[in-house]
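Look below for two forms of one protein chain, each set out as structure tokens: first structure 1, then structure 2.
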Structure 1
Amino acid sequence: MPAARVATSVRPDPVRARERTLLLLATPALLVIGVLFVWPLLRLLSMSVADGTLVQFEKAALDVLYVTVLWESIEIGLIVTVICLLLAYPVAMWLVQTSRFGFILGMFFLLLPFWTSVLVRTYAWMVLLGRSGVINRALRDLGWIDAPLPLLHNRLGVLIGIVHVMLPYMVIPIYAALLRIDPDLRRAAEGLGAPAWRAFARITLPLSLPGVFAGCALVFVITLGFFITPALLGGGRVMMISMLIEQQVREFLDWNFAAALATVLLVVTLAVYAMLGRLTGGAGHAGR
């Protein structure tokens, strides 16, 4: 980018032409976003106040049901994000340092789930985690447990299912951030006598924070909208806000209320996103 700036002052025309070309090339994507995303979003927002009052929001805010479920959704989103982060960071570090073969193998296993539908994977978890599923049967055969462990049809089952789906979304941004870190920085730190953990804490971790932020944001936002996994693995005991929105849209055709719930979810998501940004952004600056 600085190189481009310098070029601007010397020979402005080709660069401006290049910018124009780039803008032109980006236009289809911008149009798609505008037409297929921004416009419907505005329609949605207007639908939530279609009665001319805020009565739909009043219902969403005052009814214990919706407040509780929204809170539970955020809680699940945060737990999933933390678990994914703890699991993904070591994987990403390993991917950066491993051999070419290890990298290909790791990426293969990481991306493999993307070719399987979420529904199939959810049913697979039911086979594994059930009362007489693979895990419980194995543990019983080993004599470690007498009664089957409650792994499914509760919050634990839902968390396992969602973490499994979301893990690649955390690994890949962190991997990309780690890859950009100049390995000489770490070598320099170690050469100056810093133990490995300090080199990690002072150099690797702060420099990887943009990737961590991107991963956390992706995982949290997508998790909030999860629908089929909690419905199937939660056995009905775990309710997420997207399930209630779906109910209003498809079953009761109460689109104004559904729009209000969706708007609340959007605002909460943006708020948490902003908080995350400030948290990691601040830390990132301190590290530089």
Structure 2
Amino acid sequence: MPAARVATSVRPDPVRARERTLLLLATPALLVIGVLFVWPLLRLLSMSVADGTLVQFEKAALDVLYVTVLWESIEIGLIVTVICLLLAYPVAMWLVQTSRFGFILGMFFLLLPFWTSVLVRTYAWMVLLGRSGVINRALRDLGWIDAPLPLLHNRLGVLIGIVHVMLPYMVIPIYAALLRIDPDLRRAAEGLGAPAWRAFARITLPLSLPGVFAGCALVFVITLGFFITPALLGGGRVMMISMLIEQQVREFLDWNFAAALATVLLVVTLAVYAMLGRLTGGAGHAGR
């Protein structure tokens, strides 16, 4: 009996062996991430405090211009997130309930923008939204307007362009969450006399909240760093924090302050991501 116990004690743990194997396999990827992401991030942080003080952060926090631009970037991110959510949820529900041909067709049009660069799509919107663009010409030909609508070089044009880019990022997480919901739950609720809207409010919506929060986090975080779309569609009248960072480097060669602004943007992004992560965790536990 003691010999058996000794043999059992020295037997390798399969769980730890599996963990060591997985760590060994992940080592090349971790090294690549460390070289291409962690090191530049540390370099960015060191540049923001290169003079040994926090004067760059003080400038970013106290100057009205930079605070206003940061808040405007957050505001645009929130508006884009809400618009994408309102548009994406019905699309995701349709993708779940439609036929196989409808699903393939819907996913084709949903993923089609990914086959074109953001720059090309932004120029396409400039052609559509300009004072002599396709939309204004069509509205004038129909007699609905007398003067061109201001659709370009303002916040409206920026929102349209960003929503067009970010909509698939909202649809796919919500679709994945809806796909995991057992359709028998809704049928059971309707069979017990619940109207369709109540079945949606009490079953479908709560169980899909993890996908909603994941899509909102993804859309908001990516929107905060948008550069090409607001730079072109905004025409210099709509400023986002990424454009301000680029301006500090290109025009003023102030790398230290640009690094401080980028660090502020990173902190805000991580804070919002952490908050949405907590909400997602709460929604996941509620769904169980």
Partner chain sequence: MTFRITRRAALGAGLAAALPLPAIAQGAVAKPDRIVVNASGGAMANLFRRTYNAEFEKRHGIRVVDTSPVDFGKLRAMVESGNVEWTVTELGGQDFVRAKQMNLLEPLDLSIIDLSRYPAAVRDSHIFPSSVYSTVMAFRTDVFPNGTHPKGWAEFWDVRRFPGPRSLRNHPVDNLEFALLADGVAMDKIYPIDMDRAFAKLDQLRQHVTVWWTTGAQPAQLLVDREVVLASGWNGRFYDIARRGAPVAVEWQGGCAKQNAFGIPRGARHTHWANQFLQVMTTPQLQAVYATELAYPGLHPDTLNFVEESVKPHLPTTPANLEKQFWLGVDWWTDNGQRAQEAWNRWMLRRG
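When a residue number appears, read it as a position in the sequence of structure 1, where counting begins at 1. As the structure is a prediction and not an experimental result, all values here were calculated from the model. Think of the rigid core as the biggest set of C-alphas that the two forms share within 1.5 Å after superposition.
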Looking at both, which one would you say is the form predicted in complex with the partner chain?
1
C-alpha of residue 30 off by 2 Å or more between structure 1 and structure 2 on rigid core
yes
Cα shift of residue 19 between structure 1 and structure 2 after core superposition, in Å?
4.4
